[in-house]
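Next up: a single chain in structure tokens, the form predicted alone.
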């Protein structure tokens, strides 16, 4: 979310350098669209490797991939059950038990779907953990985006790192009080309830306080908003954004046009 009540969460957010949030968002959207359109495992894997390098350089790799694992592990399990064991077009049977048949074709389809979903999850999380909420709100004022819409966008993009920071603070407080929170899987499962309840209450309480603070400060008023914050940007980044915005529709038309889409592996 857009920081704690009345303040922006500047502390703890790694600086993304001089890259504008618009440039990052453009690159992420383009990568997701192209990867989904092409639908080949090698391209998805290449994008994930590039994301691993980028998150390591930004020092967000541990948080991004930990959060991605929480989302992708249940997704992988569901793909294995629905496509790996019950794939109707599967012919090369590796293992069978009753109606369930583990086939090479089913595993291949499930793996490709998992890689495609991983690209979506990892890239959005990498963007979420790298942008600064203050930059997003400054850009919304610059381009006259409605305040309510900008706040919803900002909250959506930063909800993952915000919850991660809250969970870390609660975990550290519980450890200081002597609560056992080991790193093993049984210990983590035992401490989940002790962490989830205060985390949920904290998020709900903060949402109420933030709504009151925004109302007092006239956040949704009719007056034009301005910002003194300078968001990093450059002419080269603007050229990149316009090139991607113009080239992406052309790519989709060519890829799905006659004689192109059928060549997709």
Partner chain sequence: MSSSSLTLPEAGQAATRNRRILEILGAAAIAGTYIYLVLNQPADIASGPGSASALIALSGFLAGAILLVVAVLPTLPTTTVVLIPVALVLNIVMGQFVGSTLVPFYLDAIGTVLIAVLAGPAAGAATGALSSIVWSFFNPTVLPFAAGAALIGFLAGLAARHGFFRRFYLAPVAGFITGVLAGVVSAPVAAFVFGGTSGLATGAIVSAFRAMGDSLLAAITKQALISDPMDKAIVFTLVALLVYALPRRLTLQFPFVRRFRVLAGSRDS
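Note that this is a predicted model, so its numbers are computed, not measured. Think of the rigid core as the biggest set of C-alphas that the two forms share within 1.5 Å after superposition. Positions refer to the first chain, counted from 1.
Note that the form predicted together with the partner chain isn't included here; everything after this is about it.
Exactly one listed residue, out of 191, 140, 174, 82, brings a non-hydrogen atom to within 4.5 Å of the partner chain in the predicted bound form: 82. Only one of 239, 49, 69, 197 lies close to the partner chain in the predicted bound form, with a heavy atom inside 4.5 Å, and it is 197. Although the partner chain is omitted here, in the predicted bound form all of 113, 149 and 153 have a heavy atom within 4.5 Å of it. Taking the partner from the other structure, the partner chain in the predicted bound form has a heavy atom within 4.5 Å of a heavy atom of residue 128.
Although the partner is absent here, residue 244 lies well away from the partner chain in the predicted bound form, with no heavy atom inside 4.5 Å.
When contacts are judged by a 4.5 Å heavy atom cut-off, residue 93 does not count as touching the partner chain in the predicted bound form.
When the partner chain is considered in the predicted bound form, residue 210 lines it closely, a heavy atom lying within 4.5 Å.
Residues 71, 74, 75, 77, 78 of 43-78 are found to place at least one heavy atom within 4.5 Å of the partner chain in the predicted bound form.
A movement of the C-alpha atom of residue 125 falling short of 2 angstroms is seen between the shown form and the other one when the two forms are aligned on their rigid core. With the core superposed, residue 77 shows a C-alpha displacement below 2 Å between the shown form and the other one.
Comparing the forms between the shown form and the other one, the C-alpha position of residue 203 differs by 2 angstroms or more, with the core used for superposition.
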